[in-house]
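Heads up, the chain below is alone and in the form predicted on its own; it's given as structure tokens.
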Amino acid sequence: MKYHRKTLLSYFFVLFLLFLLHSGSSFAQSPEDFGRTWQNYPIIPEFSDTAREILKAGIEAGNDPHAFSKVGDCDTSTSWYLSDYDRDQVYYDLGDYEYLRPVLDFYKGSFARLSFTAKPGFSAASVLSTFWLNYEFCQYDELPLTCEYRLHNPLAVLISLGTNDGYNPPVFKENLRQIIEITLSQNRLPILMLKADNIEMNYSINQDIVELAEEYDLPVWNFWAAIQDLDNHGLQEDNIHLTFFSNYFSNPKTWETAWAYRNLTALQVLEKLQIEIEKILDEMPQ
């Protein structure tokens, strides 16, 4: 049977339209539509007894209580994620959140650090692959993850992964499990962030993150919930990247964009972490 060229073009055009309609409807659906249970987690986590035990063991092992590491993709490696807080105050203002300034002092040096585990395009597999090792600083028997931990010696780790795993979600959970287990084996506390996008179209990655957090009793930072009231839920037209403005919290326009909430909630998570660390330090023999 022969098909005219116009007929074939029309056929593929219809398939393309169906794909777009499917994509659009998936982004419009809610987590509940897929039987997901993570969306009602609080934005800022409480720290369980398990988390406190990990922090205490880490301090006793010599991990730096004033250091945290960032693990993630382009939204984690970018200079506008927390980095301004290691710079002069001309680059930011805290506005009504001036109470967070002690957090900036407590973790000074970690905000602008160029982590070996945060690069554009990184997936959960990337931080476990020697392909991405920086051999100028890392040893041949290390992973990017273990290299970062050796060089920076963080007590806690902000893990923001999943967007680049959206094209192959079945492997994400076990890779994240391996990241968690390596981190815990060194007495460092993983703090898991729920991502803003739904690139996998069924919210399965945030569900996987929460299931692992529950299995290991780890804190969950529900960033997704923090930006749901923004236009397009804080996402640009590509439904992946966050909307952007400066870190001047006293400017009302700042609060129309997702990046303000990414940095603010990260500081609030770190404040909670600082409180727990200081309690442990106060209880330990001098």
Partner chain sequence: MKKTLYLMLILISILALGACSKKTDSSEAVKPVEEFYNAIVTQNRDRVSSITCAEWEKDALREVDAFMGVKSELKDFSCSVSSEGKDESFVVCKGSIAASYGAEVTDFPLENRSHKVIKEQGEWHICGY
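Positions refer to the first chain, counted from 1. All values reported here derive from a predicted model rather than from experimental measurement.
The next section is about a form of this same protein that is not shown, the form predicted together with the partner chain.
By the criterion of a heavy atom within 4.5 Å, residue 148 is excluded from the residues contacting the partner chain in the predicted complex. Although the partner is absent here, residue 100 is not a contact residue: none of its heavy atoms lies within 4.5 angstroms of the partner chain in the predicted complex. For residue 132, a non-hydrogen atom is located within 4.5 Å of the partner chain in the predicted complex, even though that partner is not displayed. The partner chain is not drawn, but in the predicted complex it has no heavy atom within 4.5 Å of residue 52. The contact with the partner chain in the predicted complex, taken as any heavy atom within 4.5 Å, belongs to 123 out of 207, 76, 187, 123.
Proximity to the partner chain in the predicted complex, taken as a non-hydrogen atom within 4.5 angstroms, holds for one residue of 233, 241, 36, 66, which is 241. With the partner chain omitted here, the record of contacts in the predicted complex names 160-168 of 90-98, 211-219, 160-168, 109-117, defined by a heavy atom within 4.5 Å.
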